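First comes one chain, alone, set out as structure tokens in the form predicted on its own.
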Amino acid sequence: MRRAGLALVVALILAMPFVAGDYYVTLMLPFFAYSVILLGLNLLFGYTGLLSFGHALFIGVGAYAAAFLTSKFGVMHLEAILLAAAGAAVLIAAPIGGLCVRYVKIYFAMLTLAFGMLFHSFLLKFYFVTGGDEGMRVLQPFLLGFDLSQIPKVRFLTRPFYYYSVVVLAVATFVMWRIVSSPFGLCLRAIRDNPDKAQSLGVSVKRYRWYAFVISAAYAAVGGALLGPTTGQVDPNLAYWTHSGNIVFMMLLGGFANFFGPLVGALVFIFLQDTVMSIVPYWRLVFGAILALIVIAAPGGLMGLLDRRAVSWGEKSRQGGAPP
């Protein structure tokens, strides 16, 4: 049943450029980017038990890597940009993670928030490097070596770039699934549930937390690099703490206990926000109230609610089919 549902979702995503308007297709582009980001963030929180309030730092690293490479250095191949963004995030995350993973719970969250705000201040104040609050341009990149600049921008985004983003998300999802299903993922879950017991069994808790932090940062940077070409512009708000709050909320909205939960949360968050913005002028108030009601009604996230209903239906079907 789950495989059939997943196949249906994939089919709908692949068919969307042909059955939906360009506006809704372009709304899917940030969904793909945030899905990659949330796969990494959920490795850190859902599987390792560490909540980061400064993960927008690495989104900003990836986005500005795309801006610098395309507009300053003339590197136009998106494959090289994604690899460079991930590499830059790993280099920055390595020392930051080495410090942050020494602490847990609120102390870890506050440290990541502090580093995120430091990076945001750098982007904002060093105007001669980053463009300050005006940001930087991201030129239209090449896809698989092909220069598609002759295609109109909307057509480029809703066809080649759309399917390119689908492939990037598919690869990122497959790699993350292999990670969480491996002995490494099992060690992370053991650390999340009982770090002292994991340590006594020979698992280096700090080292595995550091690995999860670095992998999560690389995923965030790849997602940030995918965000840049969508708008053609990046700015310091990508690294602001409220952006970190948004991706944490997406993860909680979908349900971090389910592998695909954060992806569902990103989809609902993006489309619900767009719908509310188009209907009411005070959309932030209404949007916040709707999200609060969803979280109250489904504390385990939307996927948690679906999982509970599936279990309930399964029990009813067994009871109905059981002999008297």
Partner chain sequence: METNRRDFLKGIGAAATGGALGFPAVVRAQTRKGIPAEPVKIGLLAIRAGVAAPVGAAGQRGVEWWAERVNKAGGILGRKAELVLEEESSPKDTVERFRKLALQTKVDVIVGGISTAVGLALGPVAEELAMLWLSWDATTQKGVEETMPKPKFAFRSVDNEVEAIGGAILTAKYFKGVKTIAGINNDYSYGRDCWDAFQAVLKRYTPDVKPVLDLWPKLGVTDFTSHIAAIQQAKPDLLMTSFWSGDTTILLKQAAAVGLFKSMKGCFTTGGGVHDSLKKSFTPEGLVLGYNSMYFNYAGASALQKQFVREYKAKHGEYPPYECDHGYFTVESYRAGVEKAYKAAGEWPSKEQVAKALEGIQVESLSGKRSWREDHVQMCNFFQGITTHKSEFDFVTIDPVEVLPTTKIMKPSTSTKLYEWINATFPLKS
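Here the structure is a predicted model, which is why all the values come from computation and not from measurement. Residue numbers count along the first chain shown, from 1.
There is another form of this protein, the form predicted together with the partner chain, and it is not shown here; the text below is about that form.
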query: Since the chain is shown here on its own, which stretch among 73-81, 136-144, 160-168, 206-214 would lie within 4.5 Å of the partner chain in the predicted complex, judged by heavy atoms?
result: 136-144
- line: None of F156, F249, F184, Y240 but one has a heavy atom within 4.5 Å of the partner chain in the predicted complex; the exception is Y240
- prompt: Taking the shortest heavy atom distance, is L227 within 4.5 Å of the partner chain in the predicted complex?
  reply: yes
query: Do M277 and the partner chain come within 4.5 Å of each other in the predicted complex, heavy atoms counted?
result: yes
- prompt: Quick one: is T26 in contact with the partner chain in the predicted complex, heavy atoms, 4.5 Å cut-off?
  reply: yes
query: Could you tell me if K105 has a non-hydrogen atom within 4.5 Å of the partner chain in the predicted complex?
result: no
- request: For the three residues P30, G131 and R284, verify that every one has a non-hydrogen atom within 4.5 Å of the partner chain in the predicted complex; reply yes or no.
  value: yes
- prompt: Which residues in 215-235 have a heavy atom within 4.5 Å of the partner chain in the predicted complex?
  reply: L227, T230, T231, Q233, D235
